[in-house]
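So this first bit is one chain, no partners, the form predicted on its own, shown in C-alpha cells.
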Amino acid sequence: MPGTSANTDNAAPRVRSLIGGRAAEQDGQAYLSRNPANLEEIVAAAELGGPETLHEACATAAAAKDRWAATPGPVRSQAIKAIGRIVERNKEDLARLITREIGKPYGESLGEVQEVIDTCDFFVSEGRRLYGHTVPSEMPDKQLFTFRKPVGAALIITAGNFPVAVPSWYLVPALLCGNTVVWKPAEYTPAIADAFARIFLHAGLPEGVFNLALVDGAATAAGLEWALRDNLVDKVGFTGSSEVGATIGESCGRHLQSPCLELGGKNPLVVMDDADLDLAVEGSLFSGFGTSGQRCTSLGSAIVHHAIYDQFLERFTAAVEGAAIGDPTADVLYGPMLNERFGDAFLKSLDLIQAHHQVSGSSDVGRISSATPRRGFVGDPDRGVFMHPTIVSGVRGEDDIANRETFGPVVCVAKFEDFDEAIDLANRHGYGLSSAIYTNNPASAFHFRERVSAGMVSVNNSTSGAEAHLPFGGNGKSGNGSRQSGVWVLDQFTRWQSLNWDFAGHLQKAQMDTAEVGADTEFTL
C-alpha cells in the first residue's frame, strides 16, 4: 500500500449525517478525524449532530418502514447483492481508508472488507428463505401457519475497531428482513462511515430505508431515549463496551424492548500440557496483539498448565519481542491505537499491574516514542499513538488485571495445576465472549466446550476470528445472548407471527372442542 501525504483541515473531505439520502442540515459540533499513525494528517472533517439529528434519522426510518416491509424478500435481496458487488469493486480503496483512519494494518483491513462481501453473499440467498411453517392443528378443518415479520425501524450503534465488518453484521440482515435502519457509527471514524453509507445508498435502497447519524456518545444517549419515547425505534443493535451496553439495555428495557448487545470480553486461551507449543504461541501472539489488542475477541489471559508454563512464557516472550510493530501500511503485527482516546485509556489500565506480576515482552511499558523506543520499530513512533506490547505473567485469578477488559496490547499469563482450576480462571471474570484451548486430547477439548461460559470456542486456533455463516456473540458481561451472523441473526430482526385459519364453518374452541382419542380406554396393570 502506498504512503499518504498529510492533509490540512481545508484539504480533508467534509462529512455529515445522511438522512433520507441527503446531507443533514443541522449545525453540529466540528470533529477532525486524524490518522493515528500520523497525527498531523487529517482524514476527514466531520459535523457531529446533536440528539435532534438522531431523532430525525429515526423518524425518517420509521416513516419508510411499511413500504420497505411490503417489498418482497427476493427483491430486497437484490439490494444486498448490489451492496456486496460495490464493496467488492472498491475493496482496496475501502481497506486503505480503514488503515488511514484507525491505523489497522492493511492486510487486516483487506480481511475486514472481505467479511462484508462474505456477509452480503450469504444473505442474498436468505431473501428467498425467510421461511415460516405449517403446523398441524388439534382440530379438524383448521390450518396453522407461522410467518416472519420485520421488526420495523432499527437503530444500529457500532464501535470503530471493525468499522465496516461489524456494522454489516447488523445492517445487511436487518435490511434483508424488511427493516429500515439508522446507523450510528463511532464518531472517530466519520470518513469510513461516510464512504460505507454511500455504498448502501448507491445500491438502490428507497429513500429513508438507510440513514447515517454522525453523533457523539452523549447525543446518542439522549437521542435514543427521545426516539424510544416517541415510538420511532423498534430494535436497537449495539456493539461496544459492557458499561455502555448496560445503559442501552436499561433504556430499551424501560420501553419493553430487547436490544441486541455484543459487548466486551476478557477472552481466555487455555494451553494444556499436551499442546503444540509453537502453535499455541502463534495463536496467542495474533489473539493478544493483532489490531493492537483492540478487538472484543482479543486474548485476555493465557492460562497455561504448570508443566509447560516456563517454556510457553519463554517462547511467547521471544515471539513478542521479535514481532514487527509500527507503520500499518507495512507488514507489521500491529500499528497504532485506534484513536488517542484509546491510547490514554490503555495507559491508565497499566496501573493494574501489581508488585507480584512479572512484566516482559518489551524493554519498556506504555507509549513507544523516541524517548522510550522499541527495537525494530517500523516508521517514526513520535508521529502516532503506538504502544509497547506487554506480557504480564504471574497473574492470579483474583487480580484486577485478570478480570477487566484492558483493550490494548497487553496479555496476562496465569498458571494452573488441574483442569478445574483452568476452567475457574477462564470463567470467573464474568465475561463470556470468545475462548480457545490448545490440546491434542479430544476429551479436554470437549470438556472445555461444555464448561466454559463463552459463546464461542476455538480448538487449536486463536480467540479472534469470525465467519459470515457462524453465530457470533457472547454471554454474561459480553452480551445478552443475542447472536449476529448466519441464520441465527434473523431472530433479531424478525418477529414470529402465527395464523390460524378455521374453515369448518362453525366456531371451534381450542382445548374445549378437541376430540379425545382413547379417553374411555381402561388400563389395568
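In case it trips you up, residue 1 is the first one in the sequence shown, and so on. Values in this document were obtained by computation on a predicted structure and should not be read as measured data.
Quick note: we don't show the form predicted in complex with a small molecule, though the next part is all about it.
Contact with the small molecule in the model of the complex, defined as any heavy atom within 4.5 Å, is confined among 249-257, 154-162, 350-358, 439-447 to 154-162. Arg295 belongs to the set of residues with a heavy atom inside 4.5 Å of the small molecule in the model of the complex. The shortest heavy atom separation between Phe472 and the small molecule in the model of the complex is within 4.5 Å. Using a 4.5 Å cutoff between non-hydrogen atoms, Ser464 counts as a contact of the small molecule in the model of the complex. Within 4.5 Å of some heavy atom of the small molecule in the model of the complex lies at least one heavy atom of Glu115.
A heavy atom within 4.5 Å of the small molecule in the model of the complex is found for exactly one of Thr239, Ser301, Asn339, Ser284: Thr239. Proximity to the small molecule in the model of the complex, taken as a non-hydrogen atom within 4.5 angstroms, holds for one residue of Val410, Val166, Ile368, Met272, which is Val166.
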